[in-house]
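Coming up is one lone chain in structure tokens, specifically the form predicted alone.
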């Protein structure tokens, strides 16, 4: 089963990925966690370029192609092989991020984004996607609270960018039945329980 987690930065998705992994392993399942961009030697090198604040002159066209190149490598080198071995693959971001961030956030035409996404992922469409939603002002609060953490090139973006990204996620949630919107303002345990309920419903444990 392939499960992805989405949302604007600081929404708490990485925490929920780890908690779901722990739950599935208690159920006796084998689990592989991946992150985007990254997850392979090539993809990690691309990640360094994408997130480095030295590259503020990176064009939006280069950005979307690099994200997608990293994803294409990850799909074929990791995701597909692990799914074929009946692992539960949990991904911290996937192609919906490109639609939300580059399509809506960077305002690249969605027709182009869709074509690029389709090429990158092939048949690797998630079974379930959890969109953990928080308002942009809450994301800003959390970002400022973690002042000791160095922000990457994407995380330094302004609120108007994140508003467009959030709008993109809601657009996707309306179009795709696999996307489940989760209130990210709830406490960690409540969010985890909601995610587990949806996974159990899908898998009929």
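Residue numbers count along the first chain shown, from 1. Please read these numbers as outputs of a predicted model, since none were measured by experiment.
Omitted from view is the form predicted together with a small molecule, to which the following refers.
- Not displayed here, the small molecule is approached by residue 47 to within 4.5 Å at the level of heavy atoms in the predicted complex.
- With a 4.5 Å cutoff on heavy atoms, residue 58 does not count as touching the small molecule in the predicted complex; it lies far away.
- Contact between residue 129 and the small molecule in the predicted complex is not found at the 4.5 Å heavy atom cutoff.
- Contact between residue 155 and the small molecule in the predicted complex is found at the 4.5 Å heavy atom cutoff.
- Stretch-level contact check against the small molecule in the predicted complex with heavy atoms at 4.5 Å: of 118 to 126, 77 to 85, 131 to 139, 96 to 104, the positive one is 96 to 104.
- For the candidate set 42, 51, 69, 33, a heavy atom within 4.5 Å of the small molecule in the predicted complex is found for exactly one residue, namely 51.
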